[in-house]
Structures are given as structure tokens and as C-alpha cells.
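The chain that follows stands alone, in the form predicted on its own, written as C-alpha cells.
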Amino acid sequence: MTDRTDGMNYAPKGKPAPVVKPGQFVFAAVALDHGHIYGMCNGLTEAGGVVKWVYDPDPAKVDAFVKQFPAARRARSEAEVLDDPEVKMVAAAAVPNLRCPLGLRVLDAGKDYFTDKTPMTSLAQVEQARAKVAATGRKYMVYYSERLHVESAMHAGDLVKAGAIGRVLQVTGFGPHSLNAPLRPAWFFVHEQYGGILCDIGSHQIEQFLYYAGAADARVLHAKVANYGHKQQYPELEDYGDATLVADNGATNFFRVDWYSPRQLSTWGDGRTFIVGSEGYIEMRKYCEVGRGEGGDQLYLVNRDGEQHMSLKGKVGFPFFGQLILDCLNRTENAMTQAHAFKAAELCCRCQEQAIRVE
């Protein structure tokens, strides 16, 4: 599950950094439709969580999961998981348009919910989730993996918070992905189910913009989508999208996402993020260093101290997962605020809703 050329099943692994004693934080995995569930469960178990149950109607998916997480017991139904009082959180990677309905059931069962991105596919779902969180007091957290499970991206956040580049003025993100169409499930090509490219993989980009800019809200100025190369075989696929936003604090954003990574690339996508500040800038080359063979997690910092290159693989870790576990136990919001998780999801849906279709 760590194949660098397969983005759908790319599941980073870090070093064990438990924040709880064995058995203190029990969770379950439900709905194994996207391979990100493995990265989510890697992070939680490395932070000391114990996966007690796994459930999916497809026994082949359950068999594969149990090979990776042998401690997980096979649940006979979703209800068996939700009825277990020992389970504090349900981690899930359902078909995108089914993620919110599942989350509402999890919250109604008195458990916290940790879903793969994109967490919702419509503004109506965003409002349903907000209302359910307000009513239950439970958490609806989101695996925005292109920041949370990338060491260079996590370190960039620390640099920004420390004032290394001054006030953040602009964030540019590039999120190319490899399509590998024959390996994709049928739902991947149905617009109603995957939600559109800006709603789906655009969610990573919008979340990062809000986080690095320190913004609570933003407006969508312009968005566009296209199906440049797959109209015949996959007419509902959007293989390209981009958008421009401006935050409530004046910071601006442009991002581009696509399904056009060449097969010859050493990884599933040459993801990059640029953060321009009033006193310097940061560039992240997240997954590869093209033509140089240095691997991912390369960060470049230029500021008043000069030019710096940092190779961060294995040096930062993934603190989000331990913080999330402690947030669930202590009812705090150190890993990510609920408002931030929902605002990123809302803006994804607004981008998708406002997008101009390029023919």
C-alpha cells in the first residue's frame, strides 16, 4: 500500500509515536472504497490507536485490510461497529457522495468520524454535517492528506507560524495526479458520486490555502473544469480544473489539479506548493524532485537569512494523528478545528458549483 506510482492506494508510513497507552483509544474502519483508508489507519495506529473492527460489504476489501491490520476483527454489519461502546472513532473512505450520510450515522451513534477527503459533495451535505455536529457535539474530521501526511507540508506550516516569511500574501498549489483508469472503480467516473475534480482533489488545495494563509473564510473568484482527453470513454470525468480565491484576510490563491501525470514519472503526481510572504517564500516539492532522484519532501526557503534547502523525509513525522486522538479523548481542537475542516469542504463545493466548463 505504499506504491509511489499509485495515488489511490498511496499510504504513507511514519515512525511509531504513541500518545496513549495500548487500548486507550479504540477505533474502527468502515467503507474501504478508497485506498486512503490505509494511510488514515497507519497514522492512527502509529499514534497508539487500536483498530478493533473493520467492515465493508465487499469481503475482498476486508481480506486485504486484515492483511495490513491483523488485529482488526471482521464486523458482520455497520451496526455491529456503531453499537460497540468501546469504539471512540470510525475511520472511513466511502464513495465520496456517501461520506456525509455515513458520517451522520456515526455521529448519531455517539462516535467521532474521520473521513477521507472530500468529506462532502454538495453544499446541502455541508449544512447537514454542520447541523449534526452542533446537535451531537461529536467531531467530523477530514483526512486532507496532502498537508497532514506530507512532512515538508507540515514543516512549512511550522515555518509560517514562526514568521519565517512574514505575512502570507499568496499560495499557489499544483496537484497533478496519474489517472490509471483501468485500476479505478466505476464510481470514480460518475460525476454525482465523485463530486467533480475541484470538489475531490481540489479539497487538498483549498485546505492548504486556508491553513497557510491563516484564513477563516474565502471567496471563489473564478473556477473552471474540463474533460480534455476522456470524453469518449469517460464522459462524466473532469480531467482538469483550476480556481482562484481570495481570503478574508486579503491573501490570494490559485490552484490547478489534473489527471495528466505521465506514466514515466517516478511517483503518482508532482505535487508542489508555493507560499509567498512579505519577507520571503517557501516552495515544497512533495513527492519527487524531477530528474534528480532525491525523492519527495524537499522544501526550499528564501528569506532574510538567505537561501535554504531542506530534505525532510523521516525528519518531521506526522503529528496530526496523535493530536487528533488526544482531541477526541479531551474534546479539544489542536489537530484541526471543526470550523476549518468544514470551511475547506464548503469552498470545494462552491468552486465546483461556480466552475465554467471549458469545451
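This one's a predicted model, so the numbers in the text were calculated from it and none came from an experiment. Numbers for residues come from their place in the sequence shown, where the first is 1.
There is also a form predicted together with a further copy of the same chain; it is not shown, and the following applies to it.
Check each of A131, L183, A124, L169 and return the one that places a heavy atom within 4.5 angstroms of a further copy of the same chain in the predicted bound form. Flagged contact: L169.
Select from the listed residues L98, L265, A79, A216 the one whose heavy atoms reach within 4.5 Å of a further copy of the same chain in the predicted bound form. The residue in contact is L265.
Just one of 100 to 108, 155 to 163, 191 to 199, 171 to 179 has heavy atoms within 4.5 Å of a further copy of the same chain in the predicted bound form; which? This holds for exactly one stretch, 171 to 179.
a further copy of the same chain in the predicted bound form: within 4.5 Å of a heavy atom of each of H34, Y55 and V87? No, none of H34, Y55 and V87 comes within 4.5 Å of a further copy of the same chain in the predicted bound form.
Does a further copy of the same chain come within 4.5 Å of any heavy atom of D112 in the predicted bound form? Heavy-atom contact with a further copy of the same chain at 4.5 Å: absent for D112.
So in the predicted bound form, is a further copy of the same chain close enough to V276 to count as touching (4.5 Å, heavy atoms)? Heavy-atom contact with a further copy of the same chain at 4.5 Å: present for V276.
So in the predicted bound form, does F69 come within 4.5 Å of a further copy of the same chain, heavy atom to heavy atom? Although a further copy of the same chain is absent here, F69 would stay clear of it in the predicted bound form, with no heavy atoms inside 4.5 Å.
Heavy atoms within 4.5 Å of a further copy of the same chain in the predicted bound form: does T252 have any? Taking the distances in the predicted bound form, the answer for T252 is yes, it comes within 4.5 Å of a further copy of the same chain.
Give, in sequence order, every residue of 271 to 301 that has a heavy atom within 4.5 Å of a further copy of the same chain in the predicted bound form, or say none if there are no such residues. Going through 271 to 301 in order - heavy atoms within 4.5 Å of a further copy of the same chain in the predicted bound form - the hits are R272, F274, V276, G277, S278, G280, Y281, E283, R285, E289, V290, G291, R292, E294, Y300.
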